[in-house]
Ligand code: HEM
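A single chain comes next, written as structure tokens; it is the form predicted on its own.
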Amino acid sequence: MDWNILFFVVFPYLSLAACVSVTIYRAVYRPFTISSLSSQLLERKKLFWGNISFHWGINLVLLGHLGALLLPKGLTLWNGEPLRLYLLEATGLALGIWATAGMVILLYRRLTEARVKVVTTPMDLIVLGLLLLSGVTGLLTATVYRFGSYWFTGVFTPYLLGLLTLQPNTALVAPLPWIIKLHVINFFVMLAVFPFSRLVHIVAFPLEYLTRPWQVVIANRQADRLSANQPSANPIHKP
């Protein structure tokens, strides 16, 4: 059996099919299950620092990956100057550290806060574990196999485009080190897990708010004044 075909062709298509089909099913037949289920009322301090670090860090890192996929020539031109290459690599590494630190805080919070542990599901821990693994393998890739922003456009951009066009080419990823392969496989695992977790709330856009009628709120000030002027039901009589 060719493990590269299994992990980089068969598994990506299976995970993508599961992600799309289950997400559509939940949106159509179980819309009320799509929620972030916030635990902010149970603990705020760790949640604040973990959320800020994780969301900002991971979103900017994902935007960088998306830019390398959609604009490979532009990224190659940018990296043609060594100073710009070093600046981009340092920025990406700093954002990766920031996002990973946020994941550690969020996982620590789930495991140590008694009130948060009560509402924590096994899926929450699985998702946080996968995110943490993605962050760690990404940081190892950025430090051990440097200048990923340079070789990404020659390896993963054509590989991912090949998947999308149903022309996968495993020869591009077969010679890669196992750390990088693990980073990629972990992404497809998260893609498969995505629709079964609370992460699915990312695709819940409240479009109905654009077309629903205005809500009119009328304050009954006269009733409030009457209530304020009425004597207390249990008056206290002083001698």
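Throughout, we count residues from 1 along the sequence that is shown. These numbers were taken from a predicted model, which means no experiment stands behind them.
There is another form of this protein, the form predicted together with the named molecule, and it is not shown here; the text below is about that form.
Among 187, 49, 196, 56, the residue placing a heavy atom within 4.5 Å of the named molecule in the predicted complex is 187.
Across the options 119-127, 164-172, 142-150, 105-113, residues that bring heavy atoms within 4.5 Å of the named molecule in the predicted complex belong to 142-150. Shown alone here, residue 87 lies farther than 4.5 Å from the named molecule in the predicted complex, counting heavy atoms only. The named molecule in the predicted complex is approached by residue 62, whose closest heavy atom lies within 4.5 angstroms of it. Proximity of residue 101 to the named molecule in the predicted complex falls outside the 4.5 Å heavy atom cutoff. In the predicted complex, at least one heavy atom of residue 160 sits within 4.5 Å of a heavy atom of the named molecule. Taking the named molecule as it sits in the predicted complex, the stretch 22-38 never comes within 4.5 angstroms of it through any non-hydrogen atom.
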